[in-house]
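Quick heads-up: it's one chain on its own, the form predicted on its own, in structure tokens.
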């Protein structure tokens, strides 16, 4: 993921550290098609900004110390396992019963080594119980452990008004009850809490039809279908679209739901480098030339799987270039907009609007309602014949319970709010405020000297911590000393040496809240020595001259 030399990535190409002679930071992208800005007042404008994404490498000594930390932790893990096997140290992990010693192990001992010996040391930084709505401030139940994080007990104390920098509440619509939610209460009184049936049987309500029509209108496509679970929207619908004899080209950083759906489909899967159009084109070209293995027959379908905004990297898909490749090689394109719908684009309509592209050019538009809309579930949108096909063949539609009516109403309310159908412009103002907060937060972190990943417009902001000991110290210090709730992420969700904190900026964050968080980060960064960036601090990333880039086989 980190580029050689720690450079920035512009339009999928690696750039070195030699500045452009004219110092320009804006120019038209003419290769693989022109990028257009979203339409305003009915008139399209050229989107002439380069896709600038930062993936700076860590200094060599940081990488060395990170691997040394894991190596030392592994050695002590083997020592403790030895002590447990001989009964010197108590083993709190799940073990096989003596009566089943000749059975195939239910708990894979070696596979649980990392969990048992490394994760448990810092387990207190995850699964913290929240006892309020996930607004810009929330309440956390204090807990302590008497056995080194194997079990926890609650102290009865509530940590009040913790600044929430971890929830996917991008537009601030996941909040406690107010009068604007009266329609949800009315739906609850009329329809109840659940449907108790699948969409194929007696589980399709007028509320579902209203929601699907509104989603299609919001996305400017022919039709849409909604599902009760966002994860299952990917994992249960991809197998309905492709199967044996088909080829899936998947970005290496795709979400687990996309990976699971691809594996369940039975299709052949090949992975291309993250957001790298050269790597993708090489796979497409080989697929067209050589066809299927052994038989050399043409693939029945070629499906490209990407995300709008990548939740661990904070990067945005290079959609114009990928669309150009899709058309050139006659492939299909499936975009997961879980983190971009509602949060990216001038009016929150996702990456197609961000680049000013026609949503009809994307074959399958997928998204979830769990982030920007403060609800749950997901959708598939696109051509009417695609949606009609999924209504019949989707495993989620056939076997899963329909979306709860109050949840559907919450999504309808959120969509009307964002689209301005409630008679106000507050929804648009929140989308714009989110963009301002995101750019401000990212800019200040860069100026402080932190290494952050991703696109300047992505509301997911990864801050690299690297060393496992610093991951734990960072999360504990921020909550206990600064009353700031953060999410820290490590292996296996990230590469072993790239543990990070992942901030989620919200439109409901005030400038004072962000300044409080930034001040705490500045102090904590100095305390824990987290300011690893070697680049000059600037408000915007610099652009660099292009250099050749060879693909790895």
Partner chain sequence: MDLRRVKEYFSWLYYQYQIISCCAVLEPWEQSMFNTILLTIIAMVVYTAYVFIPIHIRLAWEFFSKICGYHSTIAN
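For clarity, every value in this text was computed on a predicted model and none was experimentally measured. Residue numbers count along the first chain shown, from 1.
Just so it is clear, the following notes concern the form predicted in complex with its partner chain, a form of the same protein that is not shown.
With a 4.5 Å cutoff on heavy atoms, residue 534 does not count as touching its partner chain in the predicted complex; it lies far away. Although the partner is absent here, residue 389 lies well away from its partner chain in the predicted complex, with no heavy atom inside 4.5 Å. In the predicted complex, at least one heavy atom of residue 468 sits within 4.5 Å of its partner chain.
At a distance threshold of 4.5 angstroms between non-hydrogen atoms, residue 196 is out of contact with its partner chain in the predicted complex. Picking from 403 to 411, 197 to 205, 156 to 164, 116 to 124 the stretch near its partner chain in the predicted complex, with a 4.5 Å limit on heavy atoms, gives 116 to 124. Contact with its partner chain in the predicted complex, judged by any heavy atom within 4.5 Å, is made by just one of 79, 131, 94, 298: 79.
This chain is drawn without its partner chain; in the predicted complex, the residue among 287, 259, 229, 472 with a heavy atom within 4.5 Å of it is 472. Counting a residue when any of its non-hydrogen atoms is within 4.5 Å of its partner chain in the predicted complex, the hits in 494 to 530 run 526, 527, 528, 529.
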